[in-house]
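In the form predicted on its own, a lone chain appears below as structure tokens.
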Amino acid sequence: MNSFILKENQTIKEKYFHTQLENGFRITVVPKKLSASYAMVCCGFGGADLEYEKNGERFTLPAGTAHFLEHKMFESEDGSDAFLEFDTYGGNANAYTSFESTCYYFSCTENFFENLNVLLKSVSSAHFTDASVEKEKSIIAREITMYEDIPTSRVARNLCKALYHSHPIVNAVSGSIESISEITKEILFRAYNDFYTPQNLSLCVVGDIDPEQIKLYAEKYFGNRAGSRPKTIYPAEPSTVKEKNITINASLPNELYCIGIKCKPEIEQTLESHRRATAMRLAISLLFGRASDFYCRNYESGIITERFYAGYTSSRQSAYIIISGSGSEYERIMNAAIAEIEHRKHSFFTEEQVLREKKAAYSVSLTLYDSGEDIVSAMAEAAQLDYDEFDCIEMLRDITADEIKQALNSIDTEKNAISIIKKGKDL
């Protein structure tokens, strides 16, 4: 039996235990005395996993399959809902699907192991019938329609459609009403059996819990299973943007915009790729953050509002800068933002500005450890990678101005696009 390894960060006075079962199932336990305990199972299967290869054979899944599967995993063999079991033991359970993963979790103040038993029992087996799948389609279709009617969600999705030609990021994680209509019981079983394998699963627990007991539960439900993660196949994606502008109308008090700049993606998720992404995020914050010259200058002039946001998104084989907000000055903002990027390539920030931004990012990263919910999510997803949150914190301390400048210089402002929702008729 594999024993737990203790990892500590003496600077921030935090620690965790981790181990791996013989079949690759990863376990992380973060010992903290909190008012509640938390547990999360994370599967490296998300909205971007639409085509994959296993044993030399290729398979294609309808968009929204991972999210559909999430909806069905808390359904027991007899058709009962695992949420009712969580309620019995005082557990607050939920799940979510992103482009990269699907996570199932609960929090509780008592009956931790009873709740853990329900969670692991639910994720370690799948039960679908033709009738239950058809019933779920109508539920998910309503959810899709709801998100389509949310302007902030719509404007962001349209930006991805403008930036990307064929990457799965052009699809909503939940898919479309058309794509989910293709999902069958057989497709769900195949997706579950291929992706919910021990090497593609991790369990994280946060609380005053004995790690060895956690391991016993993990072995009970996953110890006898085997299988590795299949290889996701991504379609060839041109470096150019697909469309420069996508504009739609809606009944809104203010117009919305999302400006994007397509960046060179990372092929693999490693510590080095994360370091480059961190340098880019620091560069974007220096350029457009609330302490930046750009923000102060344009906020005072009224061009941007409190809803202004700038950030950098990087996931599997996709990466882009996003600048969003409300108001009708989006063309001026877009031109000003591009001009600011080009200006700073030649007139970089001062040493004092860089240090201030690093300190601010470091302080924000430390707040993660104040929240059991944030810790369990970060650690469960990080278990899928070759680095953890401790590595990320230390990275903020020693990342250099040259690395940030290199990230800034890599931005090709010609690869820009904009998504707009104008005031007009309903969506």
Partner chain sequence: MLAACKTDKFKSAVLTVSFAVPLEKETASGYSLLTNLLPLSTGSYPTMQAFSVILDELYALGLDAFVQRRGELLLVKLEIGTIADSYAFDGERVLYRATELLGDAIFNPHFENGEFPQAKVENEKLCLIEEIASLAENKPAYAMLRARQIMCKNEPFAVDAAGDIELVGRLDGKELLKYYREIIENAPVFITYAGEADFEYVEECVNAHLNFAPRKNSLPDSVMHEKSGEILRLREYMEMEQSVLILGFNSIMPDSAKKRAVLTVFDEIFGGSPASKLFMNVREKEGLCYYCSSYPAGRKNIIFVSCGLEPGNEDYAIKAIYRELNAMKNGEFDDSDLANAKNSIQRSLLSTENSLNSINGYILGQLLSEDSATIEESVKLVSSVTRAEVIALAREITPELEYILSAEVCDE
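Numbering follows the first chain given and starts at 1. Quick caveat, the model's predicted, so the values are computed rather than measured.
Note that the form predicted in complex with its partner chain isn't included here; everything after this is about it.
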inquiry  = If the criterion is a non-hydrogen atom within 4.5 angstroms, does every one of 33, 84 and 109 touch its partner chain in the model of the complex?
reply    = yes
ask   = From the list 126, 334, 322, 252, which entry has a heavy atom within 4.5 Å of its partner chain in the model of the complex?
value = 252
ask   = Of 165, 71, 185, 225, which one comes within 4.5 Å of its partner chain in the model of the complex, counting heavy atoms only?
value = 71
ask   = So which of 236 to 244, 97 to 105, 166 to 174, 129 to 137 is the stretch with heavy atoms within 4.5 Å of its partner chain in the model of the complex?
value = 129 to 137
Residue contact check: residue 208 to its partner chain in the model of the complex, 4.5 Å heavy atom = no
query = in the model of the complex, does residue 45 have a heavy atom within 4.5 Å of its partner chain?
reply = no
ask   = Might residue 273 be said to contact its partner chain in the model of the complex, defining contact as any heavy atom within 4.5 Å?
value = no
inquiry  = in the model of the complex, is there a heavy atom of its partner chain that lies within 4.5 Å of any heavy atom of residue 78, even though the partner is absent here?
reply    = no
message = Need the contact residues for 343 to 376: heavy atom within 4.5 Å of its partner chain in the model of the complex, sequence order, or none if there are none.
response = 352, 356, 359, 360, 362, 363, 364, 366, 367, 369, 370
